[in-house]
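In the block that follows, a single chain appears as structure tokens, in the form predicted on its own.
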């Protein structure tokens, strides 16, 4: 058997890369065999993996889904594709979480922030210098659609309050809290506990500075309610928010959301 653009086909001795490309991707101009570029007259062997690419052309949604399904396996990818997450706060945590969720092919994301990209954000947030002054919702949309153009996105670029949270987010599978503001962290958790009883929650507390990597933990407070961080290290002079440790926490949050979606971590009861 051969694997051609993530699909399994029958192997025939003497077949060349060029012959396969002509059949399965006629417009290809880059021919990858087992991870390395090769000439079109290279013969394939049983068990080889071929990837044919047309440079500068975005894969179609169907092609993109094939790639993700092959990497994640069909059952897992189906669950991911059918799920919706909300990310509240698009700073160092939220922008990194959004990138991770985009790359695994989440079905839909709600991105919420009312702020704009500032120069001081760039030490840890997933934006670019030429995006300074843009709304974070718009800037992040542009960035993650370059990672996965098939995403369904909803942007919420207004200040949130405890009163409006249920009306906006009651239908998501997992709400990922990435706020800097302690008052909004508390308001979001209250709303989850009292008015969004079917929504799983992944919050954050403590990831400033450059402390121990493994002090960042994911803790279940109750079924479907998780907090990520070391729960002690607040931002202060000499202990700022920095990309490496914030990134560790962000990927804890993204992975915990994925675990809930796949049913290997407890959801709400």
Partner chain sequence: MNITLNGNNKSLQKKSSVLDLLKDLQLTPETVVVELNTTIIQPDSYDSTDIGEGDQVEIIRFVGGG
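Residue numbers count along the first chain shown, from 1. It should be emphasised that the depicted structure is a prediction, and the values quoted were computed from it without experimental measurement.
The form predicted in complex with the partner chain exists for this protein as well; it is not shown, and the discussion that follows is about that form.
Novice: So which stretch, 105-113, 192-200, 67-75, 146-154, is the one near the partner chain in the predicted complex (non-hydrogen atoms, 4.5 Å)?
Specialist: Stretch with heavy atoms near the partner: 192-200.
Novice: May I ask you to check whether residue 180 falls inside a 4.5 Å heavy atom distance of the partner chain in the predicted complex?
Specialist: It does: once the partner chain is placed as it appears in the predicted complex, residue 180 has a heavy atom within 4.5 Å of it.
Novice: Against the partner chain in the predicted complex, would residue 53 count as a contact residue? Criterion: heavy atoms within 4.5 Å.
Specialist: Taking the distances in the predicted complex, the answer for residue 53 is no, it never comes within 4.5 Å of the partner chain.
Novice: Just checking whether residue 241 would be counted as a contact of the partner chain in the predicted complex - the rule being heavy atoms within 4.5 angstroms.
Specialist: Yes.
Novice: With a cut-off of 4.5 Å between heavy atoms, is residue 186 one of the residues that contacts the partner chain in the predicted complex?
Specialist: Output for residue 186 is yes: heavy atoms within 4.5 Å of the partner chain.
Novice: Please identify the residue among 57, 235, 217, 40 with any heavy atom within 4.5 Å of the partner chain in the predicted complex.
Specialist: Result of the distance check: 235.
Novice: Does anything in 129-149 come within 4.5 Å of the partner chain in the predicted complex by heavy atoms, and if so which residues, in order?
Specialist: Nothing in the stretch sits within 4.5 Å of the partner.
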